[in-house]
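Given next, in structure tokens, is a single chain: the form predicted on its own.
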């Protein structure tokens, strides 16, 4: 009997027995769910992260009927058995259970996993209420994982369906025009400029703006030949006053910025900026949001006794550090860490992650699509 003939997904009961066996051994069973149609690198990275949270990973897979309810009559592209077989072939996946409802509530109740993993475009509060209630009943730990920007079934289908350029005509991608705002040493600005110089990021920093007149951030920009400006913030220690907000909008528009990047910027922005650049402002924050929002995130992780922290690139919204998560990187907290040593290791990941997200943003802009979840 060959593999295709012998392959069969797990039943919910088999997954529950597996969970009980792990419980008796002091091990953890991780669970996640999704459509996983047209498996791509975003899926693979996400599943690898999920598997690392425990000792085995079970994937709840939406059936064909369930996918049609969620995605419409043209989906899924691949049948449920094909999707289950491909998932089961991954090293990170220890079993697949197909479910037929739109949500995985019944499957969560049946399996009662130790850990539940979900993509970074969610927070525990934004999970489906019924699924969240089932997880709480089971005492399941909820873990939000990094989003992989630019990797989705939807984006793949849109690229396939997009008309190709005419023969002999090369389609040029316009470099991403970046405005970078900073208040500190400018290390993330240097990382962006280095990624541009090396060809990893097709972009141009068209303006650098700081709320501090003599900041190393501005010195870094000027040394690189980037137009650099000090903007007087007003009298409030943390916010730009209304006059400064409107001046900032004018500076950003004059520079022709496609995207505004907050890189160690310590001022709170308000509605004039959000209205002018809605959905086009990103921030790098030194924690695994939604944990430890605000200006003392590194210290808060140490005080809380966390085993790990990291950094998050997210969209900026009027609510501080609450916008959509685009990507995250994890940093273990080591014995003897203080705020300075931990922050230094977090910044190493920031310098890798931020240019990577900007490169993906440029790729998405070229295809005229948005940043989307990797889970389906």
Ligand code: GRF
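Small disclaimer: the values here were computed from a predicted structure and weren't measured. Residue numbers count along the first chain shown, from 1.
The same protein also exists as the form predicted in complex with the ligand; that form is not shown, yet it is the one meant from here on.
Region of this chain that lies against the ligand in the model of the complex, out of 31-39, 47-55, 345-353, 64-72 [heavy atom, 4.5 Å]: Selected range: 345-353.
Contact flag, residue 286 vs the ligand in the model of the complex, heavy atom cut 4.5 Å: Contact check for residue 286: yes, within 4.5 Å of the ligand in the model of the complex.
Residue 245, heavy atom within 4.5 angstroms of the ligand in the model of the complex: Residue-level check for residue 245: no, no contact with the ligand.
is_contact(residue 188, the ligand) in the model of the complex, heavy atom dist at most 4.5 Å: Judged by the heavy-atom cut-off of 4.5 Å, residue 188 is in contact with the ligand in the model of the complex.
Distance check, residue 119 to the ligand in the model of the complex, heavy atom within 4.5 Å: Answer no; every heavy atom of residue 119 is more than 4.5 Å from the ligand in the model of the complex.
Single option in 135, 201, 260, 263 placed near the ligand in the model of the complex, where near means a heavy atom within 4.5 Å: Selected option: 263.
Heavy atom within 4.5 Å of the ligand in the model of the complex - the one residue of 279, 184, 227, 272 that qualifies: The residue in contact is 184.
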